[in-house]
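Given next, in structure tokens, is a single chain: the form predicted on its own.
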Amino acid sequence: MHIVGAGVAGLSCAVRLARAGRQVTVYEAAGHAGGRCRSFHDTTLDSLIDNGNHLLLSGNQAVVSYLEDIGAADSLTGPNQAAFPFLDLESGLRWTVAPNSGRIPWWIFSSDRRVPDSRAWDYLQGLRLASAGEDTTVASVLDTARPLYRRFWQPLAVAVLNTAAEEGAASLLWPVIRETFGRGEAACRPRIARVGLSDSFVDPALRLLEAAGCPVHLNHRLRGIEVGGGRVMALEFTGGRVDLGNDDQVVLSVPPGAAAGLVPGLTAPQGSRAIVNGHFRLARAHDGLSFLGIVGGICQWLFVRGDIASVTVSAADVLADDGAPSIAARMWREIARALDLGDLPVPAHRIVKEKRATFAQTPQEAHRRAGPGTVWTNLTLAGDWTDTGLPATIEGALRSGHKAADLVLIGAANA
């Protein structure tokens, strides 16, 4: 069993197969596993930081299942009750969105639990997303003139889709709302990695694979696939060729552009969107806040872990073209205001640009998502860009890996 790609999609596939007793070999082009979902020690900050910030929710079922499988179920942290604090930089208003338990959302009728200047009807308009067609954008089904759009729907859509709400696919936003906010407070409690993304999602998986005798080969870039007789015959890596036996299966878990270049005739998303993350060292640990939604500025989500403040800007193609010093200065002004730090100079920081963070989750590009199966009998696809029914998130990536593993196991059982 050969898995190409050690991002979280590839790792989740490998873990499921290893736990089912299959012998798995994983190949990764980079010198590290985890893809975008990883941590590293930054020398400028002298601290462990995540490559990109990720806010998870307790209703992310694949996340919960995967962390349980790798023995990291307790590696996430967050409040005991769902609460989403926000700051509007233009007005200075602060508020907290606080869903209630149970599936009936009575919280939208309480002014203390909802966005300022919003009405209950504004939230109920979100049900329009459920019936939105595949060619419909988020902005086209919601009232963009209402304050709730700017203070809730728009930032939520951008965070989930990494695409502007005016062009983001409504059909991809709705499943997230249905599985989290639609299931009540217990399913939408915010969760972040207690130590870091690698500590939660990557390192425990690598330890499990090692214990199962399943090697992970880093710095192994797949250069080509040899096909014949309706199946994959060999894999050509930078380090050499791997010939496949009659029973060998391949799961290809690489970015869409790479997959399209490797698999003959494969249709995959072509456009992409950037994410820019900024990490700043605080003078001291900031107590009482782990994350904050920000509207009215360039920052969108602020995360605080100890004495490191990190911000995320999604759908950031324009910002990514700016220089790091300019980005840092703009981000720091907003962070200082959000944390009431006064007029402090920009501290030690690291700006991380991911210019192709996810595929562009527009209706047009969503139509180009491929399913896990291929015309080659021993080749299966995985990755957050495949047709999981979810956006390109950690949850979607993990589900794609699980689905690919299940197809392999079903095929083996029917062979």
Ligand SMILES: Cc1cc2nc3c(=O)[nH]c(=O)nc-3n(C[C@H](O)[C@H](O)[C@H](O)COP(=O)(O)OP(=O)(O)OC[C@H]3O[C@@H](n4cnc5c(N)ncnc54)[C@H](O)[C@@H]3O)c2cc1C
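A residue's number is simply how far along the shown sequence it sits, counting from 1. Owing to the predicted nature of the structure, the values given are computational and were not obtained by experimental measurement.
Omitted from view is the form predicted in complex with the named molecule, to which the following refers.
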Revision key, fill the gap. Heavy atom within 4.5 Å of the named molecule in the model of the complex, from candidates Asn51, Ser47, Ser58, Thr374, belongs to Asn51
Check your understanding: Only one of Leu292, Leu319, Val141, Ala258 has a non-hydrogen atom within 4.5 angstroms of the named molecule in the model of the complex; which is it?
Key -> Ala258
Check your understanding: Though only this chain appears here, would Ala328 touch the named molecule in the model of the complex if you measure heavy atom gaps against 4.5 Å?
Key -> no
Review point. Would Ala366 count as touching the named molecule in the model of the complex under a 4.5 Å heavy atom rule?
Key: no
Point to revise | Contact flag, Val4 vs the named molecule in the model of the complex, heavy atom cut 4.5 Å | key: yes
Check your understanding: If you check in the model of the complex, is Arg241 within 4.5 Å of the named molecule, heavy atoms only?
Key -> no
Check your understanding: Among 39-47, 366-374, 352-360, 66-74, which stretch has residues with heavy atoms no more than 4.5 Å from the named molecule in the model of the complex?
Key -> 352-360
Review point. Even though the chain is shown alone, can you say which residues of 6-20 have a heavy atom within 4.5 Å of the named molecule in the model of the complex?
Key: Ala6, Gly7, Val8, Ala9, Gly10
